[in-house]
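Just the one chain here, the form predicted on its own, laid out as structure tokens.
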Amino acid sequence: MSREEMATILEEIALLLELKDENPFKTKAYRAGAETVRSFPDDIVALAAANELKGVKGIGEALRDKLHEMATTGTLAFHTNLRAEFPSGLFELFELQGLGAKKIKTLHRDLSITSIADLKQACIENRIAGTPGFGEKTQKNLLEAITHRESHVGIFRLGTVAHVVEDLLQQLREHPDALRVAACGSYRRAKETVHDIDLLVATAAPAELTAYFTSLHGIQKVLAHGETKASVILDNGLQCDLRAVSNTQFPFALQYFSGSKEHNVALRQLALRKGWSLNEYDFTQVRDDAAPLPNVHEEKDIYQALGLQFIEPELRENLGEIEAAQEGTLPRLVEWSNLRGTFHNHTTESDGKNSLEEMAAAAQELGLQYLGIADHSKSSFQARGLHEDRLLQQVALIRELNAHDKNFKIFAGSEVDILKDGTLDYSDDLLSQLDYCVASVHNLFSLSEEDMTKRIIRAMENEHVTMLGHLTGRLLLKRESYAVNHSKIIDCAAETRTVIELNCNPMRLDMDWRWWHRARDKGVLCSINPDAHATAQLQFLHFGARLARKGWLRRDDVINTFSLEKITAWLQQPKAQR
């Protein structure tokens, strides 16, 4: 059983318990357990099988026993028995906007609805409108939600939605009654994929703002429109919700709707200890002996009132940031403006769209001091990989260009294929003539986790491999990761002084942010690389900075924050001494 299967089972248990009207704290415990399983930095399946999860935060004795059962048997009797009480198609209904456990239970009990197909037919036959708790408008909305689900998958890459979100924010800022505007939710937290977008505006004229929002360009359909809330479907199928609040409420709403849910629960618990209730509108006293209510003008004031350092949005996943903020040990996160250069970029010599000179000029326009060129090696024939003679010609051209510009430098590298046995596509003699080397897997993705891990580790042990490219080979929403043991790779990187790339192409965002904290603590350095195949793709570095922050990375953890002088000296050192 995989990590993801474990988490899915725990989430299904939470849904089933909701349908049974079980204790909500029990339901929340299973949801929290699912997130813990997904984000756990080590091999949680192996640890669960060995029954070695005692003391892990978020995993109590009961959950520990269930994880052990799943890891050792591949099933969970509690889940199987619970599931048998309900039709399997009932889970689909939770995916529809406006349907929670109570309404689904009513639909199942009164109309024998067990799936979205059943619900769609009931809407068409006008049977929903007469059901207690439902009306004609609800029925119409449900039918539209079903139609929307059928035509849109509903998950979008961060890079796909970024320009849309920023455009909407800019349009909202242009309204004269908009005082403060922000994006919230998983977008603000820099999750690699998002399901919808939450926007927030502070205004003294909420009805005017929601009306204005529903009239903006790029909107396909208005789902809901009220005085303080509006929901729309954009032309790309993305749902976008706007909430209009007062300027006083804005900091609270910004914090609350940014999430994550688990982070917010932890904050509310801290507030209760002070005798306060914290919600999306304000602090309120709930005990006679409560501390005086704080003055809150900005989001940071909420954290300060709770005795915390300000926690950057990217870290708000309840993965240790609360404890670090209490202790005053939160890191100062890397920023986009800290980047001085980057590596892993392609030109027309392999499968890039722009020449070496064009890529260098674009990097300088972006304000970078250096650019690494890493065209494909010869085994990547589909990408016009360079044979040895062509690579040496490119190296000579780079040296010539560098001789004419002392303020900007091009580093000569290669993205070298890791072959099946872990050897590299070029000889050590050739690799020694390069400034650096990115080693990547580009084929044979079906190897077992053990074999793939050994393959990559052998490559990392080569003294000429500077960094490991796109660790898992994933293409978000298109291709799953190949099996690889992150923990062993990170340990090997620490031992061999191999840099791990944060490939910030929005299709990849690989290595995943959930592993960077562990890598950082092991002393593994990161290189934020756009894997740019065109000049415009150098802009992907913005996503890289956001994901690096989400991984708790500091400026000194990222090699492309080094100055030109420092990175030049660093690359010239033997790998073992870096």
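If you superpose the two forms and keep the largest set of C-alpha atoms that fall within 1.5 Å, you have the rigid core. Nothing here was measured: the structure is a model prediction, and the numbers come from that model. Numbering starts at 1 and runs along the sequence shown.
The protein also exists as the form predicted in complex with the DNA; that form is not presented, and the subsequent description refers to it.
_Proximity to the DNA in the predicted complex, single hit among 169, 158, 397, 96 (heavy atom within 4.5 Å)_ = Only one option qualifies, and that one is 96.
Next item on the list: Let me know the one among 173, 137, 261, 297 whose heavy atoms come within 4.5 Å of the DNA in the predicted complex, would you?
Entry: Residue within 4.5 Å of the partner: 137.
- Item | residue 517, heavy atom within 4.5 angstroms of the DNA in the predicted complex | Outside the cut-off, so no.
**Prompt:** Looking in the predicted complex, any heavy atom of residue 42 within 4.5 Å of the DNA?
**Reply:** Flag for residue 42 set to no.
Open item on the list: Taking the DNA as it sits in the predicted complex, is residue 511 near enough to touch it, meaning that at least one heavy atom pair lies within 4.5 angstroms?
Closed with: No, no contact at 4.5 Å.
I'd like to know if residue 231 sits close to the DNA in the predicted complex, meaning any non-hydrogen atom pair within 4.5 angstroms. Result no; residue 231 lies far from the DNA in the predicted complex.
Which single stretch, out of 441 to 449, 319 to 327, 484 to 492, 404 to 412, brings residue heavy atoms within 4.5 Å of the DNA in the predicted complex?
Comparing against the DNA in the predicted complex, the contact stretch is 441 to 449.
Is any part of 108 to 133 within 4.5 angstroms of the DNA in the predicted complex by a non-hydrogen atom, and which residues would that be?
Result: 131, 132, 133.
*Note yes or no: does the Cα of residue 105 move by 2 Å or more between this form and the one not shown after the core is superposed?*
The answer is yes; the displacement is at least 2 Å.
task: Using a superposition on the rigid core, decide whether the Cα position of residue 65 changes by 2 angstroms or more between this form and the one not shown.
output: For residue 65, whose C-alpha is compared between this form and the one not shown after core superposition, the shift is 2 Å or more.
Notebook entry, point to check: So, does residue 23 move by 2 Å or more at the CA between this form and the one not shown, with the core held fixed?
Noted result: For residue 23, whose C-alpha is compared between this form and the one not shown after core superposition, the shift is 2 Å or more.
TODO: Given a change of 3 Å or more, say if the Cα atoms of residue 13 and residue 478 sit closer or farther in the predicted complex than in this form.
DONE: Closer, not farther.
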